[in-house]
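Only one chain is shown below, in structure tokens, and it's the form predicted on its own.
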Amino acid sequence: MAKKIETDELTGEIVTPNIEPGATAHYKPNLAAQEHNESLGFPGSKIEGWEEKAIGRMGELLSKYRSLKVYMDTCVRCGSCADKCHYFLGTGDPNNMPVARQELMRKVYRRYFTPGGKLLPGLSGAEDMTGKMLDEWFSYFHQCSQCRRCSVYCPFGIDTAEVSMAARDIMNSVGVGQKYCNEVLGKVLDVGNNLGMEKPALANTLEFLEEDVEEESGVAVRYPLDEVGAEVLLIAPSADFFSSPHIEGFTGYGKVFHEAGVSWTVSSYASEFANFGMFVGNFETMRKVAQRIVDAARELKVKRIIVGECGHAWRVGYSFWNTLTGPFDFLDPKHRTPTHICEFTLDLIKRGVIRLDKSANDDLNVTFHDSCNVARGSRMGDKPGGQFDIPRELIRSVCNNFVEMDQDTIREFTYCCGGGGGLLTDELMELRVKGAMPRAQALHEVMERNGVNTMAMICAICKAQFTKVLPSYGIGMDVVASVHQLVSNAIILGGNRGV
């Protein structure tokens, strides 16, 4: 196995890795092309007088979001967050300590927005917004997956994710955008999903699923597209339509709706649940992506919206949809907030609507990875802790063998997969591998101790990231599974007793 996290033999606490200043300064995503920036309303390339524009945009954000100013003023550099970032643990670069990454913005904030920084910049740790500073921003604010693990440990509750989002927004405002995020956003606003799948390709995929499920089970399960008057609009991450293990989970969604007797549909206009507007920190872009879903729900005259397995998308849906595009007063009064597919399925199981054969998963010893934006940014259902309890209860309902990873690596303390926050791009693969190290180690330990051979999760980015990087740690890609892949294995088709 590759590099491991070292822990103190007596206390069990993490030992700070060897410090390597600048070790990852050269890790940078590709710059967005002119068309990628302009399609989102940003300057096509770095503008003249960008320094003044960047400071102006920072001032706008500080005025609009009081929390950002609080975060700029509050940090006392206590170091509580220093060893909590998976990228720092994996790289040893001190700028990947959350406090140091935030400091890149605070230096500029002090210089232009505090009396001490304006009068005595050298004595107050203030620095000008220069080309060198912008270069550091572009590197290190794209070495933050906005997972917010550091925020759990911060005594003042400083949200590093909000700082990173603000920095990316400022960079986009002067034409220095990240190719991966801006290109993806362009596709979803143009076509309706992150992959740029046109309606015929989407229709073919759903037809293939119908044929595949009927051939396997002998039961005709429908995977409908653009059906007006369906009860449910299902919004899933587009990865669910095309690759393993995502598509096995999507297969499970259809089986659940079939057995519940619930009519449902996918929208070709808004087939995407993921919302990269959050990754670039631009709420207007986030609103445009979310608005497509509202428009599709109205057009198809559905009664409720159920969403698939995607971490940051669920955070956007749960936390922001009403503010961005609400109110959802055109939906059924009982269902004016989105329902997570895990909550929907577990409710059906508890009411005996669907039948299960748990032994279908007996060759799997399953653990669960808490995805960051669900674990630390939202919840499912009405009860506190639902974001932790519901997927675990669902897994136990369809599997006989479930094992937890160590307590300090799960639930709100979970380690990020290392590929979130808009970093799931090939030019950052080395960073992604290093960022996955803490989770890979926790998985490796539970595999050795309990014979675990499957890690289930409810996030499309986590599935894509782990499939790529776990082999670097001697762990096969087939260990990665969707929760609804397990449901799909266990569900007994043909009863169709209905809700």
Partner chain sequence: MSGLSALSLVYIALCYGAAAVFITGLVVKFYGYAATPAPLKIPTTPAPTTVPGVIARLAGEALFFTSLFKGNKWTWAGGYLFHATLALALLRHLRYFLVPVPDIVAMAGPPGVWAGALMTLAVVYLYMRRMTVDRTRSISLFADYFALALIGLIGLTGLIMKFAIRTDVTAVKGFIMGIVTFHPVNIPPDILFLVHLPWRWF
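All values derive from a computational prediction rather than experimental measurement. Numbering follows the first chain given and starts at 1.
Separately, the form predicted in complex with its partner chain exists; it is not shown, and the next lines address it.
Looking at residue 99, you'd find a heavy atom of it within 4.5 angstroms of its partner chain in the predicted complex.
Its partner chain is not drawn, but in the predicted complex it has a heavy atom within 4.5 Å of residue 162. Interface membership of residue 387, defined by any non-hydrogen atom within 4.5 Å of its partner chain in the predicted complex, is confirmed. Contact annotation: residue 130 falls outside 4.5 Å of its partner chain in the predicted complex, judged by heavy atom distances. In terms of contact with its partner chain in the predicted complex, the residue from 402, 328, 140, 320 that brings a heavy atom within 4.5 Å is 320. This chain is displayed alone, yet in the predicted complex one of 55, 47, 446, 62 has a heavy atom within 4.5 Å of its partner chain; that residue is 62. Contact check for 258, 344 and 489: none of the three has a heavy atom within 4.5 Å of its partner chain in the predicted complex. Comment: 90 to 98 is the region of 359 to 367, 224 to 232, 336 to 344, 90 to 98 lying near its partner chain in the predicted complex, near meaning a non-hydrogen atom within 4.5 Å. Of the residues in 361 to 376, those that come within 4.5 Å of its partner chain in the predicted complex through at least one heavy atom are, in sequence order, 374, 375, 376.
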